[in-house]
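Listed next as structure tokens is one chain, alone, in the form predicted on its own.
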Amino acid sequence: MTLRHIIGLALIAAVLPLAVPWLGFVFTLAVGKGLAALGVAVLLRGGLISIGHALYFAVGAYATAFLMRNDGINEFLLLLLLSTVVATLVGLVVGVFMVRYRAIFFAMLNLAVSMVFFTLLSKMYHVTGGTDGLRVATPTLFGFAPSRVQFNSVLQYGSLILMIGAALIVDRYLRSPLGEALSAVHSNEVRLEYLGVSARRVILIAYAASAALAGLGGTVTAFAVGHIVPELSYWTISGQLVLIAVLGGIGGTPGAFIGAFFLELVRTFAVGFAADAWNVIIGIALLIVIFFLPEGLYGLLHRTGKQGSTP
């Protein structure tokens, strides 16, 4: 079911821009946020809400800019890998402290750390460019220097491959004993400890994985936009990631991407047709989904698929 939905979504995102070219950019941004929201959804499986995961979204983006500017690394795939590793390492360091807490304390501490990072990005002008941000140049592809238009096409379809790969890997993880233990943290953490499984270790692994996904999403976004600013780590971005995860539904890994595509499309059309009221339109659309689809958009697709397969 997961494979069918995620491949179907990827095919739609690959074909539609052929007829409407500007949708390619919108879909690439959706994949970036979807990857980060998938990391948030992983933590939600354990009953943990992080409203500070924009921290790792920004870490991935800024790591890309620093590696290109300071270290002279311009290879696209290498930048994706190294930026994700940096975000994972930051997630491990912060996660060592976060795994001690649950519920609102976990959420607020993540928020506090991300806002400290936002302040540093804004104030350390000579390092981060301050509120002006940093430019992200067009990288090379296996030594070849493509034009911006060529690279945008590569990024568009490459991000869809990343989306499929990330969804399948996370799905496999959630179905593994380690993933089942993460769900047990939410349902009965005490019983999990009695079985000899360390809840903190389970959460730390999930936290590092979620940071990696958010960092990867931030890197994709940095390449798509070509410019990064401190607002990538602001609390509103963290809120968006949680909203996307809930909107899409945490019942399956495609949910995060379905929610991201839905939100970006609604935002794009709302801004285009009602520039003065686009926030209201987005709010109404989200309320409709939240009230009438408690399992998210993926839950609706899942139920429809089951009904369609019933003889």
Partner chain sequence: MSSAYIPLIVDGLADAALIFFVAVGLTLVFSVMRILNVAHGSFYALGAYISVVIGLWLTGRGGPVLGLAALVISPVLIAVLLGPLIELTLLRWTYGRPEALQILVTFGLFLILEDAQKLIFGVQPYSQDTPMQILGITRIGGIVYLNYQLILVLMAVLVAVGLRLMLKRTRIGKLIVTVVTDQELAQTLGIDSSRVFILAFSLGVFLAALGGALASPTVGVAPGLGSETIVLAFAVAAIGGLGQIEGAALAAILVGLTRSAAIYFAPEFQPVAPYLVMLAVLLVRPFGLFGSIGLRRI
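Numbering follows the first chain given and starts at 1. All figures in this text were calculated on a predicted structure; none of them were measured in a lab.
Below, we refer to the form predicted together with the partner chain, which is not included among the displayed structures.
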Within 4.5 angstroms, counting heavy atoms, which one of the listed stretches 64 to 72, 277 to 285, 22 to 30, 253 to 261 is next to the partner chain in the predicted bound form? 277 to 285
4.5 angstroms heavy atom contact with the partner chain in the predicted bound form for V242: yes
Determine whether any heavy atom of Y157 comes within 4.5 Å of a heavy atom of the partner chain in the predicted bound form, and answer yes or no. no
Tell me, yes or no, whether A145 is in contact with the partner chain in the predicted bound form, where a contact means a heavy atom of each within 4.5 Å. no
When the contact criterion is heavy atoms within 4.5 Å, does I290 count as touching the partner chain in the predicted bound form? yes
Do heavy atoms from each of A14, L18 and Q150 fall within 4.5 Å of the partner chain in the predicted bound form? no
Contact with the partner chain in the predicted bound form, heavy atom within 4.5 Å, among M108, V93, L78, V85 goes to M108
As a check of understanding, the residue in A112, V127, A137, I161 with any heavy atom within 4.5 Å of the partner chain in the predicted bound form should be identified as A112
Taking the partner chain in the predicted bound form, which residues along 98 to 124 bring a heavy atom to within 4.5 Å of it? R100, Y101, A103, I104, F105, M108, L109, L111, A112, V113, M115, V116, T119, L120, K123
